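First, one chain by itself: the form predicted on its own, in structure tokens.
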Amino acid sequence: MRVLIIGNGGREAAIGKKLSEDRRISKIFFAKGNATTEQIGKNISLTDNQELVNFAVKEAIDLTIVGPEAFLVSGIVDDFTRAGLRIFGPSKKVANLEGSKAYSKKFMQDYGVKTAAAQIFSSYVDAKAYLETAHYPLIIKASGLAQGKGVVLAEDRDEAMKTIHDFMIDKIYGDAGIKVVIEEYLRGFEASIICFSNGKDLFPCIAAKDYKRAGAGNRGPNTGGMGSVAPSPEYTAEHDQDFRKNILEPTIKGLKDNYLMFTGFIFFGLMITEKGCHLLEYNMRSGDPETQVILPLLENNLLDTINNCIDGKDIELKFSDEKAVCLVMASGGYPGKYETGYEIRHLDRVQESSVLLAGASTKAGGVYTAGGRVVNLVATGKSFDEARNKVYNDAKAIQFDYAFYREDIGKF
């Protein structure tokens, strides 16, 4: 088989690595890939939907897997399907559950999905008036895609006012902030659950824990993710029952009622409080960096699992009882302004971890930083301490200018 994976992050490298273990796959292409995917298969520089369709037809691609949300929201699955190509991911209509937080919040409210109370605003004046009498703290979200950064915990009115001005007037995230969702602040812990969808049902993976804040102790700005662990140590069987009854089942009903069932991944971002599980958001893709810790524990053949989903067959997911830890090494300044082009040294000194280069590219025989989240180090062990020690020992060996990482991934 010939496979195309769209994306250039650690998630796509993890998917590619898992698939590369399957002898039935003769070639894997990555659009546009990174320094790790270049070792697994072949990187191509195409980023336009129609150019990718043309490439898939020309190269007789048997299966395409989409990583990033922007491609899904732009309708790449629809484009591939019209060309008669086999692709794993939701249509543009379904991807709107991630592309518009306002749309997804209304969907949750309509179908009784357990979630935070919220108001949706498309008028800056109305949002400002609401904030004058609101109770704090609260959460403000840019409705559109903002690379995981368009969410602010506003501790007081001044911070909230500044946030809606940044989003709706200054448009720091472009059109993503034209509409905002303002919702109650939920106090608890987060969990990530990724499901495979076969067009009829959703099949949950084990829960993972993502560390979103840039600094240790969950301080600093939100990022795309500074690390992850699986299974989530805080997520219990009782939490899972609550999730299935009050979030998963009504979501499936809503998808079916609105003709939104699809084949692909769906990600449930949960907040677990003393009152149980609440849904924060849907992502219509596999998570990053959650994928990096879930796939090493997945005992199913990934190619068969995806193909069975596309064919509408039921699946039974199985996971090992080991623990997995992913540590992200980032560029100084991330998630704000940062510089790239620094050589990544001593990758050959990594002993016990799997290296997934994300924001990195090769040139002149070396590997150089090319993004905010540069290196993913992934390890498994019988305990979190064992896996954690592996990634942190290996992180000490890798060097690039202005590198930083959190010291508390896996400490909970």
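All residue numbers are counted from 1 along the displayed sequence. From a predicted model like this one, the values you see are computed outputs, not experimental measurements.
Just so you know, the form predicted in complex with adenosine monophosphate (AMP) exists too; it's not on screen, but the next bit is about it.
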Heavy atom contact within 4.5 Å of adenosine monophosphate (AMP) in the predicted complex, the stretch among 276 to 284, 245 to 253, 164 to 172, 124 to 132: 276 to 284
Since only the chain is shown here, I'm wondering whether residue 179 would be in contact with adenosine monophosphate (AMP) in the predicted complex (any heavy atom pair within 4.5 Å). no
So, in the predicted complex, is residue 185 in contact with adenosine monophosphate (AMP) at a 4.5 angstroms heavy atom limit? yes
Mark residue 116 yes when one of its heavy atoms lies within 4.5 Å of a heavy atom of adenosine monophosphate (AMP) in the predicted complex, and no otherwise. yes
Taking the shortest heavy atom distance, is residue 78 within 4.5 Å of adenosine monophosphate (AMP) in the predicted complex? no
Among the candidates 271, 310, 216, 297, the residue which, in the predicted complex, approaches adenosine monophosphate (AMP) to within 4.5 Å (heavy atoms): 271
Of 92, 239, 86, 212, which residue is found within 4.5 angstroms of adenosine monophosphate (AMP) in the predicted complex when only non-hydrogen atoms are counted? 212
Does the trio 139, 151 and 190 actually contact adenosine monophosphate (AMP) in the predicted complex, every residue with a heavy atom within 4.5 Å? yes
Within 4.5 Å of adenosine monophosphate (AMP) in the predicted complex, counting any non-hydrogen atom, which residues from 94 to 108 show up? 101
